[in-house]
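As a starting point, one isolated chain is supplied in structure tokens, in the form predicted alone.
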Amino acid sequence: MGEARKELIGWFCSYTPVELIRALGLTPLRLLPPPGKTPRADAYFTGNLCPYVKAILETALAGEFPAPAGILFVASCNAMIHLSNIWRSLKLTPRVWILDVPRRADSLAVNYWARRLKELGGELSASFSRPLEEEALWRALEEESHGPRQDGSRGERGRERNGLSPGRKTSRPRLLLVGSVLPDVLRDMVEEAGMSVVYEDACNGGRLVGERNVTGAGERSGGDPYLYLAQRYLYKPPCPRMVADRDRRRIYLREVVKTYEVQGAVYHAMKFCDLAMVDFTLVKDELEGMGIPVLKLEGDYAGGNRGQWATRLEALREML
């Protein structure tokens, strides 16, 4: 990557607390790599590793990301932990932070993570020699509660990809897409098959932190912005990695189906993603129990076998 931009902090995971970055007067930027082959990254990883993580490293090694002053990793899965270790070893950015995140959302987890977030805030503050004031953090929480931002910090990409608004009419079958980071080509192929994507349950879609009413948050968190920040992220729509939070994921899926009048679903399972394999069984069980057919498509970050996908999507269209 080129000369580092002093105000820019890169991030990859939907559990990244961008409010901490913004409260320091810095700019958070989600770095989404383009799809493509990964010859450079393949030299650092085993063959059976997440294609999304490989694409991130490939783009960084090619110098195609904006050069941030640092990267804030979230230890969300083993592949991302491997990436953070390689990133630090290769010194791809001047600074690297790694944030662990609980796999459940009960009071113990929330309180633990609030303390960890405060520690991280201290690390960021020390790195840039800037004070992190609680008042500034409250302001950042308020700012992040209002819609998409042009710097890609939170919802810009996710909201664009969330599909139709609730209640918006379409004559086509209404489809839910589920996956980790969904390839753009999948949405295009669903539309070409004569169906409409009404919601995307993905890391770059509906599982980002949405709008939250910050009013009264101070009282709910005892005036502790770190506690509120922990609640805000751990109570968001759960990712498949939240293995101890499966009941809430089932409730979330039922609400999505009801709110968006979902008629069918496509689950994109990223190659070599164990979490997706486990999550698929939950999604299939829950949705088919509601009479919603679920089609599983396997592929990588760039997509999959398009001919096979098109045939199977047409078959799903005929069922709906």
Partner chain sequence: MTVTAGLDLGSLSTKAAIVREGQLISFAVLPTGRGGAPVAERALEEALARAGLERSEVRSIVATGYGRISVPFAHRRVTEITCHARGVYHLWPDTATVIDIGGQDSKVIRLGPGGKVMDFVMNEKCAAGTGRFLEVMARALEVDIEEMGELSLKARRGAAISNTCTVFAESEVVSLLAEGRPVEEIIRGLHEAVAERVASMAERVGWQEPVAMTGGVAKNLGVVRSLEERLATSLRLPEEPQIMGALGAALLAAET
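Residue numbers count along the first chain shown, from 1. None of the values given here were measured: they were computed from a predicted structure.
The form predicted together with its partner chain is left out here; the points below concern that form.
So in the predicted bound form, does Arg254 come within 4.5 Å of its partner chain, heavy atom to heavy atom?
Arg254: no, not in contact with its partner chain in the predicted bound form.
Just to confirm, Leu61 within 4.5 Å of its partner chain in the predicted bound form by heavy atoms?
Because no heavy atom of Leu61 falls inside 4.5 Å of its partner chain in the predicted bound form, the answer is no.
Does any heavy atom of Arg30 come within 4.5 Å of a heavy atom of its partner chain in the predicted bound form?
So Arg30 does not count as contacting its partner chain.
is_contact(Asp274, its partner chain) in the predicted bound form, heavy atom dist at most 4.5 Å:
So Asp274 does not count as contacting its partner chain.
So, a 4.5 angstroms cut-off on heavy atom distances: do all three of Lys284, Glu314 and Met319 pass it with respect to its partner chain in the predicted bound form?
Every residue of the spot touches its partner chain in the predicted bound form.
Pick from 42 to 50, 257 to 265, 66 to 74, 286 to 294: which stretch has non-hydrogen atoms within 4.5 Å of its partner chain in the predicted bound form?
Within 4.5 Å of the partner lies stretch 286 to 294.
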